[in-house]
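As a starting point, one isolated chain is supplied in structure tokens, in the form predicted alone.
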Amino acid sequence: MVAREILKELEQSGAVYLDIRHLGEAFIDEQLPQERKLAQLYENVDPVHELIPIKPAAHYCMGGIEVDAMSQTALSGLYACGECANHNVHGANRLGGNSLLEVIVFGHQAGEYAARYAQEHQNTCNPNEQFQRDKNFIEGIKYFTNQIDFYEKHRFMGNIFYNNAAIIREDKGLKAVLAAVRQLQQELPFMGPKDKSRTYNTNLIEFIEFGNMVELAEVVLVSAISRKESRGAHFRSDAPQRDNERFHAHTVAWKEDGVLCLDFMKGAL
């Protein structure tokens, strides 16, 4: 709610500020030294004497990879914890302490069970169909052209997501972004890295990460379009109320034969 009000004020007046001047320099330097340095570095303002310009931004993922009670994913021997995993500790929004819960409690659990699994199983690799697809993709990158700058497309995707798929959403805007993302998926072979080497190649790694981002962007958008209600951090201006009859559940997405599938896990929220 606070984020939505800040956004509305930004649209109306162009600026929103945080004022901590009343705390005094001694307190700020002792309790908020990092915040003072960041404000000076990125906004060229000193919060001891000036207002800090602010705007809403995403800073944490809720949900993630489905895991069981032992932090194991659907892939035997692969464990997940922290911000990337869905341990069902979040509802439609996140409590501040949940990040520590995810990292410390489930991090310890995932490490313990992963170590136990490694001790009980031989170190063998049995490539499956997905492994072969991923291997072929990595090998195929050397044949990708770089007619399109994927760094530029990365910035473009960030902008359209912030404007149409972030704090306030509606069907038309979400579908427009989805169309753009699917276009990016088609253009990916023309966005290859300029550096095709396999040694210390950050350009290659960033391209692969961008490809993953484009794939996950589709999941986010299809999920947001399918959830025709407002709940927690998901706010639809064209459906501002909760719908407990249809959507009192987590959104679960997966792929079958390359096709994105989606369903709602009832009773999860």
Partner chain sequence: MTVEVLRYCPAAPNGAQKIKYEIEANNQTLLEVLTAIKTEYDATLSFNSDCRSGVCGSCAMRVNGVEVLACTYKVHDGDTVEPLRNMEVIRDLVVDSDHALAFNKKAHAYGSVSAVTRNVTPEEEKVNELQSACILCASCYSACPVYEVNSDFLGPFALTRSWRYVSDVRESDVSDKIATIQDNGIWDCTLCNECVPVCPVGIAPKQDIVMLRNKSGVMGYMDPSFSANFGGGFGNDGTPDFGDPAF
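Residue numbers count along the first chain shown, from 1. Here the rigid core means the biggest group of C-alpha atoms that line up within 1.5 Å when the two forms are laid on top of each other. The model shown is predicted, which means the values in this text are computed figures rather than measured ones.
As for the form predicted together with its partner chain, it is not shown, yet the points below apply to it.
K.L.:
Only one of Asp134, Asp149, Glu187, Asp171 gets a heavy atom within 4.5 Å of its partner chain in the predicted complex. Which one?
P.N.:
The residue in contact is Asp149.
K.L.:
Tell me, which of Leu41, Ala57, Ala26, Ala69 has a heavy atom within 4.5 angstroms of its partner chain in the predicted complex?
P.N.:
Spelling it out, the residue with a heavy atom inside the cut-off is Leu41.
K.L.:
Taking 4.5 angstroms as the heavy atom distance cut-off, pick the stretch from 175-183, 135-143, 106-114, 151-159 that is near its partner chain in the predicted complex.
P.N.:
Of the options given, it is 151-159.
K.L.:
Each of Lys37, Asp195 and Tyr200 within 4.5 Å of its partner chain in the predicted complex, by any heavy atom, yes or no?
P.N.:
Yes, each of Lys37, Asp195 and Tyr200 comes within 4.5 Å of its partner chain in the predicted complex.
K.L.:
Contact with its partner chain in the predicted complex for Asp243, defined as at least one heavy atom pair within 4.5 Å: yes or no?
P.N.:
Close contact is absent here: in the predicted complex, Asp243 is far from its partner chain, nothing within 4.5 Å, heavy atoms only.
K.L.:
Hey, in the predicted complex, does Glu206 get a heavy atom within 4.5 angstroms of its partner chain?
P.N.:
It does: once its partner chain is placed as it appears in the predicted complex, Glu206 has a heavy atom within 4.5 Å of it.
K.L.:
Does any residue in 6-30 get within 4.5 Å of its partner chain in the predicted complex, counting heavy atoms only, and if so which ones?
P.N.:
Read in sequence order, the lone residue that approaches its partner chain (within 4.5 Å, in the predicted complex) is Glu30.
K.L.:
For Lys196, state whether the C-alpha moves by 2 Å or more between the shown form and the other one after rigid core superposition.
P.N.:
Where the cores coincide, Lys196 still shows a C-alpha shift between the shown form and the other one that is 2 Å or more.
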